[in-house]
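Next up: just one chain, as structure tokens, the form predicted on its own.
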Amino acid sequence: MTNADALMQESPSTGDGDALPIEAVLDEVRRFGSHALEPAVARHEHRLGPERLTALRTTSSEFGLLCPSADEASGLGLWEAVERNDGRRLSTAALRMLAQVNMGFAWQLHQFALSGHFERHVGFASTALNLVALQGRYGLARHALARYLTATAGPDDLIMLRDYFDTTTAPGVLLHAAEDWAGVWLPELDSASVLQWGLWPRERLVVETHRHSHGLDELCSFVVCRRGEAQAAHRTQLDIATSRRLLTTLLTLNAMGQLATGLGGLDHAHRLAADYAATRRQGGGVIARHAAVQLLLSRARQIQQLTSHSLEACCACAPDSAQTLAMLYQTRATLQPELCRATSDALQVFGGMGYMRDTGLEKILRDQNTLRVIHGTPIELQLAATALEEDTP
């Protein structure tokens, strides 16, 4: 029995009228972060290797945070109870807590959990480490993706979407993930212009792997294309309304996870800077008394609070709504750059030492910069949000 199973037995039923035991689950996540994850990433200058990532992910599955199969879902793991406000809050809070230790680990756990939600939704039983592709070959397909979601796509939009998700020619679909994924669900417009997903085992793909040159050192960038005449191992058969709702939900949860991960990274950066300012002495006293340091810390704290409140508001909205996705894209476009700037403020508290690898601040800043541009730059997000708002009936 996993810890999640035990919590479910001790807590009330998780029906619509009953609350999830969020604090009990987060206590488990906190213990995992401090006892298992933190010792593994204590050396900031060393990349967390794939073997260690796998071992840590196995541990997270053992206490129910990452569901290994649809049959074992407890409703308390990442992105399991997404139809519930408190279920979404639980997932974002857990990701934020993990990112306070290591953003790369939190992000790859989020991606596998998101794929698990997808597989449960389409009724596919799998114990493999699959991903679900949400980003095509470039950007956010301008207005085409938004118009598909809002049922206003014209012929030109459909042509762009076919090209955006094309995996028959290079460059293919772009992924940012841990190295040991087994397969990926690739989206493709069928003959009726309905977006379907096909499960492609890794051996049936041409995979081009790149180490991240800037941040999220624990992960890699992958460009994937179909291998010759290979076929998908499984394909969905969704009607167009279900396809739109599913993609909207996936994009919404992905944006929530991205904000939660960035917020956790800022939490970590602010704590490191505040602790340093409280002990570093200069000019006869600790630097926490200096006005310039107080300003840097207060600006970082302000962005923490603003992002936390914005994420809470987004969690309260229906995840399959185009309006919710538009709000999240606007929030990301505004706050993801601010998370980077606030982390930079925290780094500056250390002076020149902050740019060295000793403190871990420079890694958090690199991770924030990389996370900011995954699944849409701020300009792309703003354009997509505007299209979602304008095209919603």
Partner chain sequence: MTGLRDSALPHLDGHLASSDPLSPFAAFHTLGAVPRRLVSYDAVDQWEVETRRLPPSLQKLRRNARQFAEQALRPLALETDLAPHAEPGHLSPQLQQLISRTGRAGLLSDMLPAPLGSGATSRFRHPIVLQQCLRVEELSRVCGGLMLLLSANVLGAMPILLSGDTSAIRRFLLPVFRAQQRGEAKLFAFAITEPGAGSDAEDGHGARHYRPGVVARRDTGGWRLSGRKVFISGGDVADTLTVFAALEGEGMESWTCFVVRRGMPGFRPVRNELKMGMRASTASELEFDNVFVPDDHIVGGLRQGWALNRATLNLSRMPVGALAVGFAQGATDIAFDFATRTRLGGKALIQFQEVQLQLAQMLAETSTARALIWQSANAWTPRQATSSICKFQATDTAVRVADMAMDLLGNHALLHANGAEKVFRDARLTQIFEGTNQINRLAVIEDFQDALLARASDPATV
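Numbering follows the first chain given and starts at 1. Remember, it's a predicted structure, so these values are computed and weren't measured experimentally.
Below: the form predicted together with its partner chain, not depicted.
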Original post:
Non-hydrogen atoms within 4.5 angstroms of its partner chain in the predicted complex: do Asp27, Arg89 and Glu312 all have one?
Top reply: no
**OP:** Could you confirm whether His176 comes within 4.5 Å of its partner chain in the predicted complex, counting heavy atoms only?
**Re:** yes
Original post:
Using heavy atoms and a 4.5 Å limit, would one call Arg271 a contact residue for its partner chain in the predicted complex?
Top reply: no
Subject >> Contact of Ala292 with its partner chain in the predicted complex (heavy atom, 4.5 Å) >> reply: yes
Original post:
Can any non-hydrogen atom of Arg57 be found within 4.5 angstroms of its partner chain in the predicted complex?
Top reply: no
Original post:
When its partner chain is placed as it is in the predicted complex, which of 76 to 84, 283 to 291, 183 to 191, 233 to 241 ends up with heavy atoms within 4.5 Å of it?
Top reply: 283 to 291
**OP:** May I ask you to choose, among Thr127, Thr168, Ser213, Gln305, the residue with a heavy atom within 4.5 Å of its partner chain in the predicted complex?
**Re:** Ser213
**OP:** Could you work out which of Leu296, Leu195, Ala113, Met97 is the residue within 4.5 angstroms of its partner chain in the predicted complex, going by heavy atoms?
**Re:** Leu296
Subject >> Sequence-ordered residues of 156 to 187 touching its partner chain in the predicted complex, heavy atom within 4.5 Å >> reply: Met160, Asp163, Tyr164, Leu174, His176
